[in-house]
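Read the single chain below, which is given as structure tokens and is the form predicted alone.
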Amino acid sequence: MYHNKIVWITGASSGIGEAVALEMAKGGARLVLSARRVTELERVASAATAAGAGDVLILPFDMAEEASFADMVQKVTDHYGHIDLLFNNAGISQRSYCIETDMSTYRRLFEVDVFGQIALTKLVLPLMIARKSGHISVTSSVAGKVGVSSRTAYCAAKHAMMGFFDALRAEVTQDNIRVSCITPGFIRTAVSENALSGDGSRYGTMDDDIKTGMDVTKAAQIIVRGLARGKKEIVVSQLLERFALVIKRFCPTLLFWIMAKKSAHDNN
């Protein structure tokens, strides 16, 4: 499905981004790998080449530095000519109660998780519309549908992403462009360790829920299969998180009660 397809993955230096890159590489995709850490991108690129990637372009940049995005898009088109799939995966999480979270932390998270994704998508979108072909995806979260204690910034950002890309899908379907929202639950990555504390510093601790979460390679396989099928929403989670999504849909009051009880328990 992805043999010789041009796949641009942000947040590709670790976690879901790295795992998806390796799965795409097995199918012979031609990759663009972006993140801030050049050394880690080089490591992933080497592994992707060994796995069978048709070509790999390393393109490091910071999702909070929107001024650089146009140059990044130009470098991709200069190298490959077009983009078949933009996988908006870069992002950071947060672990702090609202009362102790600085506004600068909220703004930092929104710059990366929301405005960065929108800005890059807006630059790639005209290229896809011109070709009447393309696929745009975003890594949201179960937290994009369920409010979770100590993650007010993260939940707000992921809710925003679900809304933006759902609306974008309605706009671009007529241009033969697919839009997929990926909704992971707890996946075994460094997401909580790299999360922001209330003052913007690194949280540095792996959550217990993350420790027992889904293996990241298994998650990537589900994501790649879902993207290949053009699924509009790809839920990547174990039973508990799926159950939360069902309750939110059919009995939201019960879910609100459960989440409040969980917060009180975690705070004791």
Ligand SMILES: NC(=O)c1ccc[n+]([C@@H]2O[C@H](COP(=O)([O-])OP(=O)(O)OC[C@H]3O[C@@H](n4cnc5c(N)ncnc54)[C@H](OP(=O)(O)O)[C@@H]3O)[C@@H](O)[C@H]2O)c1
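Numbering starts at 1 and follows the sequence shown. Treat the numbers as computed from the prediction; the structure is a model and nothing was measured.
Although not depicted, the form predicted together with this ligand is the subject of the following passage.
Trainee: Looking at 242, 218, 225, 36, which is the one with a non-hydrogen atom within 4.5 Å of this ligand in the predicted bound form?
Mentor: For this set of options, the contacting one is 36.
Trainee: Of the residues 153, 86, 90, 181, which one places a heavy atom within 4.5 Å of this ligand in the predicted bound form?
Mentor: When this ligand is considered in the predicted bound form, the option within 4.5 Å is 90.
Trainee: Can you pick the stretch from 78-86, 119-127, 173-181, 186-194 whose heavy atoms fall within 4.5 Å of this ligand in the predicted bound form?
Mentor: Among the candidates, contact is made by 186-194.
Trainee: Classify residue 62 as contacting or not contacting this ligand in the predicted bound form by the rule of any non-hydrogen atom within 4.5 angstroms, answering yes or no.
Mentor: Output for residue 62 is yes: heavy atoms within 4.5 Å of this ligand.
Trainee: Taking heavy atoms and a 4.5 Å cut-off, does residue 53 contact this ligand in the predicted bound form?
Mentor: Residue-level check for residue 53: no, no contact with this ligand.
Trainee: Examine residue 140 and determine whether its closest non-hydrogen atom to this ligand in the predicted bound form is within 4.5 angstroms.
Mentor: Residue-level check for residue 140: yes, a contact with this ligand.
Trainee: Taking heavy atoms and a 4.5 Å cut-off, does residue 16 contact this ligand in the predicted bound form?
Mentor: Yes.
Trainee: Counting only non-hydrogen atoms and a 4.5 Å cut-off, give the residues of 104-118 close to this ligand in the predicted bound form.
Mentor: Stretch hits, in order: 108, 112.
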